[in-house]
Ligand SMILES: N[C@@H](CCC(=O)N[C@@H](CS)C(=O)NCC(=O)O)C(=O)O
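Next comes just one chain, in structure tokens: the form predicted on its own.
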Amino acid sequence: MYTLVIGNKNYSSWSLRGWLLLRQFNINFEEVRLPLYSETFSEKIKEYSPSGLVPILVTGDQSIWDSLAICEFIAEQHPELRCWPTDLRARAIARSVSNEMHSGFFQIRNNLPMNCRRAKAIEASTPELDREVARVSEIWRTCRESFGDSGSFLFGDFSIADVMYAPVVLRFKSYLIELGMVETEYMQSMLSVASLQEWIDDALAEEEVIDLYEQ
């Protein structure tokens, strides 16, 4: 049995990744939600995570922290679920684009913080932000055109790559980012995923407001 420790569903993009992987692949887990920037978070997080960050996956006496590490752990523990594409070339590209998202795109992170309640365009963009949005668009379009014939997701079937880009889908939705046809269709496919819609519904029901993510 797994326990997944997450932050606010409205704001915590990293938490979404671990949660969506487990939910979408029908892996049973107990959810522990710790509101970010609260006394509860400060007191409880150290019981689970040496990094002091969410998400954290707990199994037995072991804790796995960092969203991509959690994804890799689950893929290894459940090879029958095929969390990565089975084709060698597709899997290599899926890992590449997942790691690119995991380690970069700071303009998107800083200027388009995840906020599921928001439905308003930003007042002004920057060339740096525009370049990152264009790069995400290129990744989505290239993956769909090269590997997406078998389904509606980046590599056809749902995979860890889709998990890693799910928060970006929600960001682009919240900030009304305009995309090309292929990318827009991919976003629609992601937003129709029942588990992601469940996350959004839970996020909208939360009452906490974090000013840092509301600007």
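No experiment lies behind these values; they were computed from the predicted model shown. Residue numbers here begin at 1 and follow the sequence given.
Separately, the form predicted together with the ligand exists; it is not shown, and the next lines address it.
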(message) Which residue, V58, L170, M190, L36, is the contact with the ligand in the predicted complex, using a 4.5 Å heavy atom cutoff?
(response) L36
(message) Quick check on this chain: which one of R118, H102, R82, R135 has a heavy atom within 4.5 Å of the ligand in the predicted complex?
(response) H102
(message) Taking 4.5 angstroms as the heavy atom distance cut-off, pick the stretch from 24 to 32, 66 to 74, 151 to 159, 181 to 189 that is near the ligand in the predicted complex.
(response) 66 to 74
(request) Although the ligand is absent from this view, report whether Y175 comes within 4.5 Å of it in the predicted complex, heavy atoms only. (result) no
(request) Using the partner position in the predicted complex, report whether N10 sits within 4.5 Å of the ligand, counting heavy atoms only. (result) no
(message) When the contact criterion is heavy atoms within 4.5 Å, does V54 count as touching the ligand in the predicted complex?
(response) yes
(request) Answer yes if any heavy atom of W14 is within 4.5 Å of a heavy atom of the ligand in the predicted complex; otherwise answer no. (result) yes
